[in-house]
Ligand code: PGA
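Read the single chain below, which is given as structure tokens and is the form predicted on its own.
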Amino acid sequence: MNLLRFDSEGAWVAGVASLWRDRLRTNPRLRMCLPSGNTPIRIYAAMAESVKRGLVSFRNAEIFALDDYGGLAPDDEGKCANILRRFLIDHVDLPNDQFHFIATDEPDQARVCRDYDRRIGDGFDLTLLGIGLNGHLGLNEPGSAPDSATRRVEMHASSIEASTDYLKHSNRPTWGVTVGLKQLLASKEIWLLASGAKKADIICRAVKGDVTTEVPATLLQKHPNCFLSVDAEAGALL
């Protein structure tokens, strides 16, 4: 795992955005898997500003949502697809049919998962990941198999609690659908992103701990092209 440590959150945002622009310029048809959540929001804003200024384009790229919650209305602001739209998709020049998301409101979730895997096809060029306080990647909770495919999962208590950051009601999701570790680990390049002091402990475990499915992020230690990008607080224990 390659470490990119930045002195401040602002430098972290600018650095990651600069690298992302480089990847898109090198490969305009970049196929990306992106998370929602609070971690990448400022990076998404920087990329939206880059498109506005004509520095980069998503016109020929593809974006796949990493995961999404079940049990919420399709227009719920807390759904991961809607968070991605609000903070990135609606502000860049990506064509609508090149944004792929998981339809957790459909009755046949097994079919939805199979169809999503088919759309992923040959895989991702670049995957951006946040990290949960329990080490999860997307909704691949502790104990997830490294060869797991896109699937419905029951959320751990900490993930249910974290979902309240994005909801304006008390209907907390208890399940979701996530791209599996098989597809994530097969990505040509992976960026693990973390900022803030509360992520310092789990980042240390992800980098220095034993590789175990009980902390899914430790599996990234074996990836040949994984970059951990942290600000000073998140990387304080490294």
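These numbers were taken from a predicted model, which means no experiment stands behind them. Residues carry their position along the shown sequence, with the first being 1.
Another form exists, predicted in complex with this ligand; not displayed. Remarks below refer to it.
**Q** This ligand isn't shown here, but in the predicted complex which of N60, N27, N38, N171 has a heavy atom within 4.5 Å of it?
**A** Of the listed residues, the single hit is N38.
**Q** Counting any heavy atom within 4.5 Å as contact, can you tell me which stretch out of 130-138, 114-122, 72-80, 89-97 lines this ligand in the predicted complex?
**A** Result for this chain: 130-138.
**Q** Does at least one non-hydrogen atom of R31 fall within 4.5 angstroms of this ligand in the predicted complex?
**A** Looking in the predicted complex, residue contacts with this ligand do not include R31, since no heavy atom lies within 4.5 Å.
**Q** So in the predicted complex, does F101 come within 4.5 Å of this ligand, heavy atom to heavy atom?
**A** No, F101 is distant from the partner.
**Q** At a 4.5 angstroms cut-off on non-hydrogen atoms, which residues of 179-213 are near this ligand in the predicted complex? List them in order.
**A** Contacts from 179-213: just K199.
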